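Both blocks below hold the same protein chain, though in two forms, and each is given as structure tokens: structure 1 and structure 2.
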Structure 1
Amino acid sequence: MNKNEKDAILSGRERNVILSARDVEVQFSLRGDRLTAIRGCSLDLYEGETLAIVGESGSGKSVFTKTFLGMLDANGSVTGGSILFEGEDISRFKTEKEWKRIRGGKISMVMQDPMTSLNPLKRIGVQVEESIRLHQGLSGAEAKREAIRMLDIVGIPDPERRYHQYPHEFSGGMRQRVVIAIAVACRPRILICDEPTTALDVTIQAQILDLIRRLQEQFSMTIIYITHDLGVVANVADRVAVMYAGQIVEIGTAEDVFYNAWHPYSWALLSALPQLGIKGKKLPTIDGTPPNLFNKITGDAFAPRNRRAMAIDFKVDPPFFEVSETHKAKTWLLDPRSPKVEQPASIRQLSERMNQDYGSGLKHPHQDPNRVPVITVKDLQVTFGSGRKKFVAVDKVNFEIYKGETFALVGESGSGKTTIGRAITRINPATEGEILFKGERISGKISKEVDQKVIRGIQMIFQDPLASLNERAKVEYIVSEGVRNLKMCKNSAEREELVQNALREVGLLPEFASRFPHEFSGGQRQRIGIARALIMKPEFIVADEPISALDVSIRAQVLNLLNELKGTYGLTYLFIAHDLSVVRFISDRIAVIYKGKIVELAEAEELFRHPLHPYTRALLSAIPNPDPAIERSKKLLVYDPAQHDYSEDKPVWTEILPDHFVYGNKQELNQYRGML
């Protein structure tokens, strides 16, 4: 579909509805009670468009779209409304035989985690072939040829060889391409992509989004994206539907929602983005928690969290009000009788805020002439395996982290970021080089006394807040485990008081100490992980992707908390991440790492203003930007390590500007100086 055709659809001149949902209600039966997950959702999906559905976890995005495929859990069912597709109300389908006519061949889905979507015991080619046999009616050599062709179309290199391999032999990005190949091989009219890039690096994410866009044009598909990443939405969406507590609360074109949002929940989501924040100040967060959907909701479900809520918001559920021909929002603010309220400045000035300079006027600890290094890493090398199977994960890395700063380490998966963090915390042993903590060597063989200093002085916050907590232990035991092991308390009463204080510091109630991890949300579990680190009274914390698994609003809360704790306790952070927009907001300095080597290091704003190494430039070009105008016009750079010729002119680590280091040979360094 060309741009004029798409513009015609979005402006309302030509509306070919491919699927129409009306007043859909979905309920789940849980422990003898009824939970209403979807509460009267209506939606028209237009042929050839890309619709993004956004909202926090639990808002109902995935449940709503699963009703289009008959994929609700056994205890869930559509209890009201209709879903019209090709002249049939598919919400009335009861049998698997009925759904097989729709699922795959007409409507297909790409799941969030490609590893759980693929059978680990079957070869990749066989799994793609199954889809082709079932939905294209091909068999034998013809089906195999088509499977290899689909692998080639989705960008799998050497598809004939890869056809015979298993899922574990593919990277995360390549596995996601295979899942897309299986879905597209069904030749669906509608493709639902459920968080298809959440677990991927920004560079791989950009490639996957571009791939889906090209496949959409090639196979004339209509696409629904389910995501909480507003940068992804700005990149791909023609229209955006915002969901909260089982309802669509705002819907319009991408430009409508990003530049002229009217529902307070849409404002809250956009305002919580790090890109819209001001460095050194708190990010706006959403007060309270989503409503309990076991209970009957009266009025606007967002009212208890809305600082602008009026009395009517607590009593009557608002209807949709039309902002324009393509844009409507479910808020009493648009009622002609309501008091006039202006949109927040962060929404009205979105484009200007995106391009602000975060660093002006800020003092950074590394610029203090009396700066004191907390961590010193010298010629660090970390290897795994031995002999022919030896793998160098970190290669001759050097840097210092000064007291009071947040030092960020960014790069793709497998670059060695986490390995460095784990080497500093002595989880991974250093093969060569040394690591100093406040001038004292802590790598290699050390005394028990020094080891206890490291355990107390250096703590780690892990990426997955659920996997890093013992699900069989209560919060009190989880948080106090380090204190118990080092015998830091005289008695249980003192230990209990320390736990309660640590929980209060991270914004949790002391009574939570008696609960188990599964009773908490993702953001609360991450706070428990932070409390576990904080109770040891550390000076240095390694934060390993601490917000990558969290929603936009929860991310803002955790980032604010980390900054507050840093100010209160004089903490120093190593912040490991692949999301440079977050890194820019929280960091003083950034080191960029590629395959075990740091290729560039500079103060955060300096790196964004003057990225020199081609890998840094590629990373920056791939950052999703929550501004449709910027996102659709940007050029994606792809880093090719083969561009470096180090056969004779060897690379060196050079300070090209004060506090700005880059890795390159003489020829490259001259080019970088020319760029500056």
Structure 2
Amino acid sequence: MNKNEKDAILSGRERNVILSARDVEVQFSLRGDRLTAIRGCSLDLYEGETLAIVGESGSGKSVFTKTFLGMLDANGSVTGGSILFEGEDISRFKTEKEWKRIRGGKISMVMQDPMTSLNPLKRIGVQVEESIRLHQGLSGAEAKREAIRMLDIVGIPDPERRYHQYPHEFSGGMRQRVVIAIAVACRPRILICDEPTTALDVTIQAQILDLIRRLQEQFSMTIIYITHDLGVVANVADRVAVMYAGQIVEIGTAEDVFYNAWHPYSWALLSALPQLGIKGKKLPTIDGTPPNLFNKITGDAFAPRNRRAMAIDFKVDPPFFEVSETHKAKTWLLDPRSPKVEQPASIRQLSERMNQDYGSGLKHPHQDPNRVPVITVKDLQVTFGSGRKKFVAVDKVNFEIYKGETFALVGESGSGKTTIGRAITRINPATEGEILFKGERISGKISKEVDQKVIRGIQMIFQDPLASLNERAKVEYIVSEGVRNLKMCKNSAEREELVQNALREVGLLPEFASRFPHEFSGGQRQRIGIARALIMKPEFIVADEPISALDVSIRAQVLNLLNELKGTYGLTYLFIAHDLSVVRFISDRIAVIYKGKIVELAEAEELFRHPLHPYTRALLSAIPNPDPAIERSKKLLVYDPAQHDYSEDKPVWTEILPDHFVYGNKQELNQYRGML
């Protein structure tokens, strides 16, 4: 499809509707209770477009698209509305036989996790071939040739050899390419991508997005892209639908939604992005949690969390109001009778925001001449296993973290960033080198006294708010665990007070103490995790990807909280993350780690402006930017570790500028100096 055709579709001149959903209602029955997951969703999908559906977890974005494939879980069913596709109402389909006509061949799906969507016991080629045999009717050598061609198309190098390999021989990104090949091999008219890059690293994610775009052009497919990442949306989408609590609340072209949004929820989503935050200031947040869909919702579901809700929002469900021919929003704000409102400043500025100053004039703790290191890591090496199975997770790493700063450690999965954090909290023992906490060695064998000091002084915040809380214990026990273990209070009344204070500190109600973790939302659970660390009155906190498992709307809450606590208690953070853009807002200094080695370390703004190491540059180029204009014209850099020739000229860890370190050999360092 060429550019003109696409423009024609977007402008609405040539609206060829391929699938049309009306008032779809989906209910799940859960042990006697009925949960309405989709509350009357209507959608027209135009042929050849890429529609992105954005929303938090639980907003129903996946469930809604699963109804197009008849893939709802057994306890769920479409209880209302219709879905027209090729002249049939597919929501009336009952049997698998009916669905098989549509599924795969007409509408196909790519799932989130490439680990579970391939059969580990079958060769890659055979799995692609199956889909070709079934949907293209080819057989024998022909099917095999086609399978190899598909593997080639999705960018798998040396497809003839790879054809015979098993999934475990493929990396995560390569596996996702295979999954895409299988889906596309059916030659579907509609391809639904359900968060296909969420489980992948940033650099790989950018490559997969490129691939999907290329395939769409090559096979002229219509794509529905489900994601919670607005950066990804800006990259892929022609049109964007924002979902909240089982309804589409705003729909329009990418430009409409990003630059001219009207639903308060879209505003909140866009302005809460950490990428757009200004250092030293609070991020705008969306407080509270999404509504419980077991309850009947009256009015606008977002009203309780909307800071500027009107009385009618609580009473009557708003209809759609048209902003422009391509753009509709479901909010009473657009009703002529409502008071005149302006879009928040952050929305209007979005397009300019990305290139603005992020706060470079700020004073960072490490620039203080009297800086005191809280944590010193010297030649740290951590290895797992032994003998032939030995794996070096962290390789001779050096850095200091000064009092009062937020030190970010950024790298892909498997780069060893978490291992460093765990070495500091003494969960993983250091194989070589040492770690000092306020000048005292805390690695290796230490006395019980020092151990207690470490427990009090160094705490950790975990990534997964679901896995990091003990489901079978009440919040009261979880938060007070450290206090109990170290016998820090005399009696239970004192302990109770400590717990309640800690809960208040993180913005939770003290009465939550008597509840179990499963009653809370992700953001609230993460705050319980923070309260548990905070109650020990630590000086240093290792935050291991504390926001990457959270929804966009909740990230800002947690980041603000961390910044606030830092001010109140003079905390020092080690902030571990895989996403550079998030880290830019919160950190003073950033270290980039690749395969167990820190390759570059500099003040955050300095690193963004003058990235030296090729890996840092590749990471920066891959960051998804929540701005369609920038995202569509970006150039992706790919890092290949083979480009370093360290055979004779050995690399060293060098301070190339004051407080800007980089890893490279003499020749590279000269090259880097030339770039400055």
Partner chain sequence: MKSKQRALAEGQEQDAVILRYSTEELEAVTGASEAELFSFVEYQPEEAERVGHSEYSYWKSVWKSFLKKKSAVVMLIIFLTVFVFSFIAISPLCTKYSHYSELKSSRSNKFATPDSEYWFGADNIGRDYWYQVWYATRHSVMLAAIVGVGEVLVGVVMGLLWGYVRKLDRIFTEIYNIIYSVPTIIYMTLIALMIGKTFLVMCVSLIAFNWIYTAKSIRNLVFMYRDREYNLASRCLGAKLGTILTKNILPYLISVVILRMALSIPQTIGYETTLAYLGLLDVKEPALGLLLRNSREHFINYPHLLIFPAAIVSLITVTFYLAGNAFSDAADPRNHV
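Since we're looking at a predicted model, the values are computed, not measured. Residue 1 is the first residue of structure 1, and the numbers go on in sequence order from there. By rigid core we mean the largest C-alpha set that fits within 1.5 Å across both forms.
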Deciding between structure 1 and structure 2, tell me which is the form predicted alone. 1
Kindly check if the Cα atom of W332 is displaced 2 angstroms or more between the two structures relative to the superposed rigid core. yes
Superposing on the rigid core, I want to see if K281 changes position between the two structures - specifically a Cα shift of 2 Å or more. no
E96 C-alpha shift between the two structures of 2 Å or more, rigid core reference: yes
So if we fit the rigid core, how much does the CA of V126 shift between the two structures, in Å? 5.5
Keeping the rigid core fixed, what distance in angstrom separates the two C-alpha positions of N306 between the two structures? 2.7
